[in-house]
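In structure tokens, one chain follows: the form predicted on its own.
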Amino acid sequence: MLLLLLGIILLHIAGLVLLFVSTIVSVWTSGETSTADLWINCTTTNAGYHCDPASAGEWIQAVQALMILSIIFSCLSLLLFFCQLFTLQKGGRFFLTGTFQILASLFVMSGAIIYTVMSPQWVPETEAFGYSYILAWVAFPLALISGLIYVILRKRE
């Protein structure tokens, strides 16, 4: 049972780290001379390195909000798990923890889908999706799987 709990906690923390990295790091799209993310767009020219705030409209703000919400809900889910671990009755299920984690996964999925659909209008075709974008997509199934495990998990002594 202890190994199972450790595995679930490690899965949750791995997903949380991926969420943090994908939200913070500036490589949602990358090209030879530029990178862009949810917050800033940077280009390299002969004059140096120039960064502008990402202001492509409401859709980028929606992606920003959804990624932040996914981090908040995942952190709350981890906190709730530890609280429920010590207060939940024997045989009880971690429904609240699982619900928060599943919501976090849905938020990150929604943010990544919005970015995928709307970025062709904003990102030049010479650029490709970067590793932060891929990490967001990897964080989605990790959060979803850990949320489903929390819902199925029963507390034992």
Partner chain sequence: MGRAGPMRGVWLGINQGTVCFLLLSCFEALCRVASSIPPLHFLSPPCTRTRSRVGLFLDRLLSGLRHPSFWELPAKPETMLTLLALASVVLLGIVPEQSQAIVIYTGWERHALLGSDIRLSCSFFSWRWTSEDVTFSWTYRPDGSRDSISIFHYTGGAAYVDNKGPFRDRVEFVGNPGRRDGSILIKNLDFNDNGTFTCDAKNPPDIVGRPSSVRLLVFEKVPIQAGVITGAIIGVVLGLLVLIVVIYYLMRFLVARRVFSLSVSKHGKKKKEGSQQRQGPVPPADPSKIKV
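No experiment lies behind these values; they were computed from the predicted model shown. Numbering follows the first chain given and starts at 1.
A second form of this protein, the form predicted together with its partner chain, is not displayed here; the remarks below concern that form.
For the options Leu88, Cys51, Leu69, Ile113, the one in contact with its partner chain in the predicted complex, meaning a heavy atom within 4.5 Å, is Leu69. Comment: 57 to 65 is the region of 117 to 125, 41 to 49, 22 to 30, 57 to 65 lying near its partner chain in the predicted complex, near meaning a non-hydrogen atom within 4.5 Å.
Contact check for Leu76: a heavy atom falls within 4.5 Å of its partner chain in the predicted complex.
In the predicted complex, none of the heavy atoms of Phe129 sits within 4.5 Å of a heavy atom of its partner chain.
Residues of 76 to 109 placing a heavy atom within 4.5 Å of its partner chain in the predicted complex, in sequence order: Leu76, Phe100, Phe107.
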